[in-house]
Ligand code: FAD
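Let's start with one chain on its own, the form predicted on its own, as structure tokens.
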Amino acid sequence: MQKVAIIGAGAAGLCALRHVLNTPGLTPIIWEKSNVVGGTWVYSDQIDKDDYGLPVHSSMYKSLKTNLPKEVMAFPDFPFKAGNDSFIHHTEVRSYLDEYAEHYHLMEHIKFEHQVERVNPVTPGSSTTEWEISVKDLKTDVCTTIICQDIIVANGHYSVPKTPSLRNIEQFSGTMQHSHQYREPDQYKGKRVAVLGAAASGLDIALELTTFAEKVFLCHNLPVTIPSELPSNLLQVSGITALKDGTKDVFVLKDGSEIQANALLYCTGYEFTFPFLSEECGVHVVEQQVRPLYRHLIHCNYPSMAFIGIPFQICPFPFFDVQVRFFLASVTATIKLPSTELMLEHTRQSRQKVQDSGTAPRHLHRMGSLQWPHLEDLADDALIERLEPAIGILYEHVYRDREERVMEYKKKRYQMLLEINSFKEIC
């Protein structure tokens, strides 16, 4: 049997395990460093180290609700339970993943509390190499090595904070925290808080802080200000560039203006990191681009290695599902991938297209509305069914609604109308 290694038992890893088990001729081997499934959806009060002294993986804060309705979030073959709210608490997503694992009998296959220490190609430079994988049992500290023919990297990319360099920041007298460490807002009671970054987590956290903080400055460099009505004590300002010379609490903004704050919360995203991959694996992160990946997924030089979930601003679980099945179609030779040279040329053209569009290189993996034709192409090439069109239609509707009514959009409930490729609001 052909062994397929899977690193991580979050949503992407569980999806990979489910489909590998369902593919004749393949045997999965999956490792998860925690003692539960769910990955980033597993809440922890710990913000620094876990029980084994390893960095805490989850960036989940206590009150988080999804910013997508559950009607579009589900894996294609496993819907969320009907009824109740569309925008659900993170504990419901974790329960959903537990139920997914139980339904497809995944738990018995997962090696919990096992950390992958090193991945190395058995034959460096060969596109048909097997993989030597060294794994530590965290309970016993015993390391073992196994050879697998294919490998799926699903270690997540919302756990290693990315923090910009701000001039003079070491002189700041207030509190500093990254959203990875944020759990509850009460520590910011009465403070003037600068929230740096206005993507989904930055905006959601800033809104939550307004109920405790005296003032919240949402600092960002978006092309336009967020058009939605916002709380009276939340002010949109330009991004922070430095702490003002000779001060301990005055920030200089990109547009030259200044704000005074005694707390700084970085909502500046996360790094792509693969500490277990050896140099011989030839994977590099350059300007937040994971290289060299064909279609954001398959290693161009080693097509038996895939990375699930690298793109962002996506509908994650359905996206993972299509990615996994595309990769497995290539593994089983159901489809034939282009040559290494053609895959490398494809990635070069993708980077060039981003550059020509004026998009920052770090946004190569950002999908947004581009995800729908991307997923259709993957599905067609893998000879699998496409996602229901209504998923994309509702996703785009919610995206627009969030921009216009960020304080209200999560109160809505939706019902999918798959037979007419649409949806309806039910409250």
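Just count from 1 along the sequence shown to find any residue number. Being a predicted model, the structure only gives us computed values, none of them experimental.
Another form exists, predicted in complex with this ligand; not displayed. Remarks below refer to it.
Stretch 149-157 is the contacting one of 149-157, 210-218, 239-247, 351-359, since its residues have non-hydrogen atoms within 4.5 Å of this ligand in the model of the complex.
Although the partner is absent here, A12 is a contact residue: one of its heavy atoms lies within 4.5 angstroms of this ligand in the model of the complex. Within this chain, Q115 lines the site of this ligand in the model of the complex, having a heavy atom no more than 4.5 Å away.
At a distance threshold of 4.5 angstroms between non-hydrogen atoms, M73 is in contact with this ligand in the model of the complex. In the model of the complex, at least one heavy atom of T40 sits within 4.5 Å of a heavy atom of this ligand. In terms of contact with this ligand in the model of the complex, the residue from I391, L364, M60, V398 that brings a heavy atom within 4.5 Å is M60.
Residue L68 is the only one of L68, L387, L378, I29 with a heavy atom lying within 4.5 Å of this ligand in the model of the complex.
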